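Heads up, the chain below is alone and in the form predicted on its own; it's given as structure tokens.
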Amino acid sequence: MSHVATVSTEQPSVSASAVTLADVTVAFRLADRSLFTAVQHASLDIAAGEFVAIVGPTGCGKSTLLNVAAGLIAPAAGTVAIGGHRLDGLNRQAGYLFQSDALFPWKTALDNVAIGLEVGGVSSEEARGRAAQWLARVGLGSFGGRYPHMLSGGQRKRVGLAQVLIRDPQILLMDEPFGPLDAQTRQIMGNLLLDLWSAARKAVIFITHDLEEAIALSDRVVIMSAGPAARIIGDWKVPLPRPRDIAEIKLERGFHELHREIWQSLKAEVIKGYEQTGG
């Protein structure tokens, strides 16, 4: 599908949501010409500065919805609005952090962070200066001269965060960004993300399979059914206080009560998705 237009440059109203998916259906044409419906009638509204996690079984369309919000996939039906304006192309207000590293192996950490500004017309000197500041903010101030293969998985994720945030996007789209990391590193990265988010309060859509991670990080947890034709089947507010430390918040009684409540709705869909994919 080709995209030509982008988000309108008209200033949105103060009350406009950061992201609005209205009755979105996503379908793909298969090799045999049949139509596969991945997501059906999904509606989701995310306020400016709100952290929303989307959880669901494998293959339920979580990443598909994220790609719709990014403008990478056009819905077959329904509409997408960014800041109150219909999205008809790439979402230029969003930064996207993928599960796999998106770093150039031949560039240093500093150059990987700076490149996002350089392609936007910022001088190399200014871009590298700002990149150094962002590396310091993610705890890698002395690692700017290292190449990706010289960094641990957690360090590469920190570079990836700086690479996205240096462009100051209003929306962060995160597709299981900490999935490949071990449990301890995921916790460290989660706390770093919360610190950075608290400082700037971007709207966040965070995709994860981990219900505990979703509750610990977010303001709301959205649950999707198993596919095909996956639907949004639940939307829970997380009433836990901020600021949060992930290890400590998981000890709270309210955390466990909410986890139990959400899992009652999610469990059957996870089993269904497991059976459909053969594990």
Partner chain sequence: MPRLKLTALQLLVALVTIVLWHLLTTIPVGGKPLVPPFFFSTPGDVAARVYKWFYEGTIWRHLWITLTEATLAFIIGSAGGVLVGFWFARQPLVADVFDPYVKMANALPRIVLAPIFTLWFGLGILSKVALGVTLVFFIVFFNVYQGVKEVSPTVLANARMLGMSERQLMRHVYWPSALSWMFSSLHTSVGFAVVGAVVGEYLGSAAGLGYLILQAEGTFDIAGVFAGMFVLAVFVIVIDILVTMVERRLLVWRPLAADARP
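Positions refer to the first chain, counted from 1. Only a predicted model underlies this, so the values are computations on that prediction, with no experimental measurement involved.
The following text describes the form predicted in complex with the partner chain, which does not appear among the structures shown.
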Query raised in the report: Counting only heavy atoms and a 4.5 Å cut-off, does the partner chain in the predicted bound form sit next to every one of 60, 253 and 259?
Result: no
**Report entry** Proximity to the partner chain in the predicted bound form (heavy atom, within 4.5 Å), stretch among 76-84, 133-141, 196-204, 92-100
**Finding:** 92-100
Report task. Work out which of 182, 118, 168, 88 lies within 4.5 Å of the partner chain in the predicted bound form, going by heavy atoms. Result -> 118
Query raised in the report: Might residue 46 be said to contact the partner chain in the predicted bound form, defining contact as any heavy atom within 4.5 Å?
Result: no
Query raised in the report: Does at least one non-hydrogen atom of residue 208 fall within 4.5 angstroms of the partner chain in the predicted bound form?
Result: no
**Report entry** Any non-hydrogen atom of residue 70 within 4.5 angstroms of the partner chain in the predicted bound form
**Finding:** yes
**Report entry** Partner contacts for 127-152, taking the partner chain in the predicted bound form and a 4.5 Å heavy atom cut-off
**Finding:** 147, 149, 150
